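What follows is a single chain, given as structure tokens, in the form predicted on its own.
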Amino acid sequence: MAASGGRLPPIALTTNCPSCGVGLVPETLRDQCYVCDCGHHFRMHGDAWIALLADAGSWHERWADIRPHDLLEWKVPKAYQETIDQARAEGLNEAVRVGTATLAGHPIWLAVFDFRFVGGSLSIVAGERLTRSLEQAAAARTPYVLLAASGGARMQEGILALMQMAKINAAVGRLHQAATPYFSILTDPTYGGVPASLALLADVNIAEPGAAIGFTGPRVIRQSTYADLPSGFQSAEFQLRCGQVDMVVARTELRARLAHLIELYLRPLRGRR
């Protein structure tokens, strides 16, 4: 398909579109990168994003053998080890996958969050994978592409998860110091420490239409500030008006837009090599 690097895998869908109510035909929606005719963007899992962004056959995953463990013996409301084991049984080993690929022939490092694994939460393993990939991208001056979908830091790993924010942020700084192009795609939802430490710090921050982006949910903010919040203040479109993101791009156009941006950023770098 023209909009992607390869055939997208199936994803779980509702019977009807939650925005327009039209009955969904899975195969038709799959050919449209899981975007309804009304413009509603369905959430995609990590495998689908890799298929969309990476050229067919080019994805090479790194550090998949680094796995999470229940270091704090977390039990409430559910044993963390049980959560990990259940996710592994479903074929998931962490909330973040990283690796190398090509996009329209351009070599890239690609990091993809998967919301199915504990809400795409930032963990020790996720932080390590992200940091290693950022550092290697900086060393080779290879463009870095991030796909974010997260609820924030993983509470089951306590302060050890929060510490990843500083580690990742330092690696992002090294990426910028190396003048390495960095592109971030914020999808629905991207909350908490992920936008703060990583997803809103790219050279170009791209959001999907209608994506929820912010630090915490509107209910928590309202309870904390007792303030009336603007309508849609955490939407991608509101963030664009306020300068938090640089552009809002439909998923069907995302691959072509990224390829163009990578080419633009690489031109001056080629002249200095």
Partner chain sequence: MPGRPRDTLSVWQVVELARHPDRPYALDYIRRMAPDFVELHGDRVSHDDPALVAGLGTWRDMTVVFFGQQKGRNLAERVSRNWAMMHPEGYRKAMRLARQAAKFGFPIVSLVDTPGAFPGAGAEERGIALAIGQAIMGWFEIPVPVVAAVIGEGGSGGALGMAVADRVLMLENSIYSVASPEAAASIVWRDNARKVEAAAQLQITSRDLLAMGVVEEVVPEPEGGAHLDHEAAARALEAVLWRHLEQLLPIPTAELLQHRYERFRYIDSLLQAAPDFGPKVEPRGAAGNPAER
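Quantities reported herein were computed from a predicted structural model and do not represent experimental measurements. Numbering follows the first chain given and starts at 1.
What comes next is about the form predicted together with its partner chain, which is not displayed.
Not displayed here, its partner chain is kept clear of Val112 by more than 4.5 Å at the level of heavy atoms in the predicted complex. By the criterion of a heavy atom within 4.5 Å, Gln177 is counted among the residues contacting its partner chain in the predicted complex. At the 4.5 Å threshold, heavy atoms of Glu90 stay clear of its partner chain in the predicted complex, well away from it.
In the predicted complex, its partner chain sits within 4.5 Å of a heavy atom belonging to Ser58. For its partner chain in the predicted complex, the listed stretch (35-43, 22-30, 218-226, 48-56) containing residues with heavy atoms inside 4.5 Å is 218-226. Contact annotation: of the candidates Val145, Ala95, Val98, Ala153, the single residue with a non-hydrogen atom within 4.5 angstroms of its partner chain in the predicted complex is Ala153. Here the marked residues Pro10, Thr83 and Ala104 all miss its partner chain in the predicted complex; none has a heavy atom within 4.5 angstroms. Residues of 47-65 placing a heavy atom within 4.5 Å of its partner chain in the predicted complex, in sequence order: Ser58, His60, Arg62, Trp63, Asp65.
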